[in-house]
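As structure tokens, one chain now follows by itself in the form predicted alone.
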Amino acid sequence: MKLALFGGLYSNYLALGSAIADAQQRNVDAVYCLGDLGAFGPYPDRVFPLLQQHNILCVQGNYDDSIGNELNDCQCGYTDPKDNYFAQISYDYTLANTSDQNKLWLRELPKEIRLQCDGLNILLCHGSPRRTNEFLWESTTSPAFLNRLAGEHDADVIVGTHSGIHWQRELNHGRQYVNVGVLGRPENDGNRNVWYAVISTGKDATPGALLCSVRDLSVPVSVEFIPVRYDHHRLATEMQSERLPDEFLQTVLNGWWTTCLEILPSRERRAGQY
């Protein structure tokens, strides 16, 4: 099997369209989205036709639960007032510009999706298997914790998003945790592209792939992170026309996060400009 996994869309329908086209060229067997369809960007309703037209199954992220149920905030998991200030601006805009029909669709999304690929149990979630809005960072998440999650949730591969920066970790017996990154905004590295992941198992895995050895199986699993370029100038222009904060535009144009920085651990924050 070869699976394309998209993280937070953040209303970036332009990046979503580019990622779908890229995944099709790679002959993937299926495409999944791990949630947070809205936020940050303009025109949130524009992602839904693309997802539905291409039969992309979605996990419900914290944003999707909040928008679908018309809650007061995004349940993003921020604790700093500055993070929450910009998060609320983004949330209020998305809530006001998502149709009732799409809110219903968001409300009915599953919290997780479980797949079997070549005998392996693959768990798709948003933040983590235990909490939708849990941030898992490469610098602060221990292998012991991830091994425990894999065991408690009977998963050979755990796939998540939410934090906005892609990374992976090899676990005991060849199990893996994969954060696929997000399509919604750049990764705080000065580049304008966004990311998704392709996970391949069995005969579709790349040469030299890690062997996952569980339940008398020995199945190769490979993970590839794919950079996606899209018309970021057009996105910034549309964000400006919708009067979204200039801080959001600058991230799209420059590739550096200007908001939601306080949640970052020290190593991830030092990698950025602000």
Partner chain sequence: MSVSDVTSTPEIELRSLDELWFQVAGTVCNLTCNHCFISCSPQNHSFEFLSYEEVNAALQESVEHGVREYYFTGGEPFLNKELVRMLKRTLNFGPATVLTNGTVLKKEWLEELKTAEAESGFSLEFRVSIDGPTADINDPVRGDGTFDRAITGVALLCELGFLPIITMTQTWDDSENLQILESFRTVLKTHGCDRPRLKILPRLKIGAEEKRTEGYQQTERITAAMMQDFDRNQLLCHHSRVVTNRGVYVCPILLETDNAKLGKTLNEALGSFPLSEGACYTCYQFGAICTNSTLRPLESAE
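Numbering follows the first chain given and starts at 1. Nothing here was measured: the structure is a model prediction, and the numbers come from that model.
The form predicted in complex with its partner chain is left out here; the points below concern that form.
Discussion item. Just to confirm, with a 4.5 Å cut-off on non-hydrogen atoms, which of 107, 169, 192, 111 contacts its partner chain in the model of the complex?
Written reply: The option sitting close enough to the partner is 169.
Item to complete: Look up in the model of the complex whether residue 139 has a non-hydrogen atom within 4.5 angstroms of its partner chain, and give yes or no.
Response: Because a heavy atom of residue 139 falls inside 4.5 Å of its partner chain in the model of the complex, the answer is yes.
Worksheet item: With a 4.5 Å heavy atom cut-off, would you call residue 25 a contact of its partner chain in the model of the complex?
Response: Answer no; every heavy atom of residue 25 is more than 4.5 Å from its partner chain in the model of the complex.
Worksheet item: Do residue 203 and its partner chain come within 4.5 Å of each other in the model of the complex, heavy atoms counted?
Response: Heavy-atom contact with its partner chain at 4.5 Å: absent for residue 203.
Discussion item. Can you tell me if residue 135 lies within 4.5 angstroms of its partner chain in the model of the complex, counting non-hydrogen atoms only?
Written reply: Residue 135 belongs to the contact set for its partner chain.
Item to complete: Please determine, with the chain shown alone, which of 68 to 76, 124 to 132, 193 to 201, 174 to 182 has non-hydrogen atoms within 4.5 Å of its partner chain in the model of the complex.
Response: Checking each option against the 4.5 Å cut-off leaves 124 to 132.
Practice prompt. Could you list the residues in 241 to 274 that come within 4.5 Å of its partner chain in the model of the complex, counting only heavy atoms and keeping sequence order?
Written response: The stretch touches the partner through 262, 264, 265, 266, 267, 268, 269, 270, 272, 273, 274.
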